[in-house]
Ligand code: 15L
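Before any questions on binding or motion, here is one chain by itself as structure tokens, the form predicted on its own.
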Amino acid sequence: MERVLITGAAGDIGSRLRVLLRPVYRELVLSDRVRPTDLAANETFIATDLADAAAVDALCSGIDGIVHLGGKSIEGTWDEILQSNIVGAYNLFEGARKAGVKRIVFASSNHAVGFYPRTTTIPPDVIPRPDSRYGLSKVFGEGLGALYAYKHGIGVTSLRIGNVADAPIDARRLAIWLSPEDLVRLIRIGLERPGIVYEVMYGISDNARAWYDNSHAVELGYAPESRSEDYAKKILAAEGKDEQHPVAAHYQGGPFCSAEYSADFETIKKNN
């Protein structure tokens, strides 16, 4: 990997990754709608709307590997999600195919499987249960990754990212927290490990309370060094009584599940 493209590079996760990946790869090509203010000597910025297929084709030219963070990172209207996360993702994978890109790491989300109960530990090969239009777009992106891996030979890794931050801030994040440093470890597996065809891994650190079985990531070489349990005592002492919506408290996707919820929760919970 000589030239690595990061889409969504001006966002919170992209900004953190840039600092950590600068020493790793010879050149970082950064894409977003907003120009970062702190470009380093080995960073090149190209303003791009991912919904513009021709612009994305040009963006992918000469790229060896892609970390695809671009798109809307929270729930939105159908039109917002469609253009940013679905059309944009398709354009990115198709542009990568045309340009001969070797590897793509797709930033999926825990919200692709958010409607699993918190009492359940799930491996990567579960049936998707998106908890939102945003989560649905990540299921689409994972499907794109599999299609372009098996049909076109791009090595693709989908990372179902939990919450990237310097530390977890509440009880839910004790299960899904991912430190920026551990995210880099996962990304480097996707970009560099020999033999990658198509893989799905959970983007979490070494979390004792995790809802995800990430043993396959470990088999691929993932060795997380950050532990959410180091923060548990302080977080749990500060939270006090749980006043969450019952749907949010029951499911792994939290408030993404309870937002706009109109089903008979007790019936569904009883039968599933």
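The structure presented is a predicted model; accordingly, all values stated were derived computationally and were not measured. Residue numbers here begin at 1 and follow the sequence given.
Only in words, not in the display: the form predicted together with D-galactaro-1,5-lactone, which the text now covers.
For the residues Arg133, Arg129, Arg103, Arg172, the 4.5 Å heavy atom test against D-galactaro-1,5-lactone in the model of the complex is passed only by Arg172. Taking Gly162, Gly88, Gly141, Pro168 one by one, only a single residue has any non-hydrogen atom within 4.5 Å of D-galactaro-1,5-lactone in the model of the complex, and it is Gly162. D-galactaro-1,5-lactone in the model of the complex is approached by Ser109, whose closest heavy atom lies within 4.5 angstroms of it. The shortest heavy atom separation between Leu178 and D-galactaro-1,5-lactone in the model of the complex exceeds 4.5 Å. Proximity of Phe256 to D-galactaro-1,5-lactone in the model of the complex falls within the 4.5 Å heavy atom cutoff.
D-galactaro-1,5-lactone in the model of the complex is approached by Ser73, whose closest heavy atom lies within 4.5 angstroms of it. Per the 4.5 Å heavy atom criterion, D-galactaro-1,5-lactone in the model of the complex is contacted by stretch 73-81, the sole one of 146-154, 73-81, 116-124, 93-101.
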